[in-house]
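Next come structure tokens for two forms of one protein chain, structure 1 first, structure 2 second.
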Structure 1
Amino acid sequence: MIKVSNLEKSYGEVKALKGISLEVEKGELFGLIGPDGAGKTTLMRILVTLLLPDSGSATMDGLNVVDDFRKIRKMVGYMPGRFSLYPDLTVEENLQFFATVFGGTIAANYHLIKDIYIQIEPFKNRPAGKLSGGMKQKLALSCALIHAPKVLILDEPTTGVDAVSRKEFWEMLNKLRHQGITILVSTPYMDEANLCDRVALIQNGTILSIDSPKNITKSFAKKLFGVKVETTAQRFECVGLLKELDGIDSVFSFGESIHITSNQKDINEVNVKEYLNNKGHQGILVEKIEASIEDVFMELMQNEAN
């Protein structure tokens, strides 16, 4: 449904996309995973015909994003990163406006948005600008769906909303996927990668890896250990000490723990703990753990830097 080949885009001297290539299958829920500035928004704006690429090509359902932009705009639902609906119009007026723009009505495609819209319908007469973050999100998704698009492109839709709203939003996307809609969604949240059929890990305008979340985590070849300490100050000190330990390849702070990797046979839970004990740190717990998407991403970033 979506095919991107060698796509490049620069803003002055800054290269936002560096030869990006990927494919999204029909009916797939595909995630673009990466931090701010990785190139996710630039890629999405090119796909929805809001930006022209410097070189390379991109097609949607066989249509070229440059030559066939008018046709593509009719078949795509787009939800940008920032809330972009009309804040002075009510919930219902916004929905009516977007349905009319595409020559349709709310009634014609209500089945597509019913499960989402019933949650905000009690507030249909409230100005969109006065909705909560989660409600704005649901309204924006409803407006993107009201013309029955073949492809839904969502730019960091869950940024800035609470955990419950994030969970509800991904449940909605899963239902839409089962209705045959192709979904391309970007997010800086690594945990959301596991909710996609496949993901592309992107950093500095470059694709680091494309595969299913399961296969990406399986590809992690090094030994990975989680190190838990008692205090925040102790964690900072231990990060520095572990970087000095021979045989350790990488050290990253993950929430309240530290993740370390190694390819050395003589590195294990016991000698890592002993090393920190000998440096004056007690109450240390070291265990071998399975890699997460974030672990893989950090490892790929480090390899790219080297």
Structure 2
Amino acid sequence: MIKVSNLEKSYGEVKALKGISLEVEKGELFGLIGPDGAGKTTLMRILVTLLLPDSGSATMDGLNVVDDFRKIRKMVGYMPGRFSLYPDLTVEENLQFFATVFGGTIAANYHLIKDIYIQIEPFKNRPAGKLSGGMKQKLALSCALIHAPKVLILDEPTTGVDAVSRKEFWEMLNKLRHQGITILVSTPYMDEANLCDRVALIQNGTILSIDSPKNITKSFAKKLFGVKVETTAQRFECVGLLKELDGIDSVFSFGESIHITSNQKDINEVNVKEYLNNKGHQGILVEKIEASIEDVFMELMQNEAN
């Protein structure tokens, strides 16, 4: 459905995209995972025909994003990273506006937005600018969907949104995918990668890896241990101590545990624990663990830097 090959884009001296290639299948929920400045927004803006690439090509459903931009605009729904609805128009007026711009009506495609819109319908006479963050997000999604697009492009829809609203939003995306809509979504939250069919890890205008979340985490080549400590003060000291241990490649805080990676045969659960015990830390738990997307991302980032 989406095909991008060797796409490049620079802003002055800054190379935002350094030759990116990827394909998104029809009906796929595809995630662009990466921090601010990775190039996610630039890629999306080229796909929705708001920005011209310097070189390379991008097509959507066989249509070229440069030559066929009029046709593409009809088939794609776009939710920009910044809230871009009309704050002075009411909830209903915004929806009406977006339906009319595409030559349709709310009624014609109401089935697509019903589950989402029903949650904000009690506030349909409220100006969009006066909605809470979570409600704005639901309205923006409704407006992006009301012309029944084949492809939905969502730029960081969950940034700055609390953990509960984020979860609800992903449940909505999952439902839309089952209706056959192709979805390209970007996020800086690594844990959200697991909710996608496939993801591209992106950093500094380069794709580090493209695959299913499962295959990406399986690709982690090093031994990975989780070290659990009892107190916050202990964590700070243990991170420092582990960095000094021979044979350890990286030491990072990971939520409640500390993740350490190693390629050395003689590094194992027992001797890491002993090492910390000998340094005066008790109540330490060390176990071998599976890598998460974030572990892989950081490993790839470091390889890229070297």
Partner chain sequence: MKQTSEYTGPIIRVKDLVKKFGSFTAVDHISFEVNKGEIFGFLGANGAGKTTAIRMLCGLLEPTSGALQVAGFDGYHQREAIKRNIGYMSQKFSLYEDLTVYENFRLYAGIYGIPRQERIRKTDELLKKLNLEESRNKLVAGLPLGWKQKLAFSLALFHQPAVVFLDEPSGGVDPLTRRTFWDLIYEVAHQGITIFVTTHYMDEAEYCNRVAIMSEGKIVALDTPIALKEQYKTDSMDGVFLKIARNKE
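Every residue number counts along structure 1's sequence, beginning with 1. Quick caveat: nothing in here was measured; it's all calculated off a predicted structure. Only the largest set of C-alpha atoms that superpose within 1.5 Å between the two forms is called the rigid core.
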Number of the structure representing the form predicted together with its partner chain
2
Would the C-alpha of Asn277 be classed as shifted by 2 Å or more between structure 1 and structure 2 after rigid-core alignment?
yes
Please check if Leu245 moves between structure 1 and structure 2, taking a CA shift of 2 Å or more relative to the superposed core as movement.
yes
Flag for Asp67, CA shift 2 Å or larger between structure 1 and structure 2 after aligning core:
no
In Å, how large is the CA movement of Gly255 between structure 1 and structure 2 relative to the superposed rigid core?
3.1
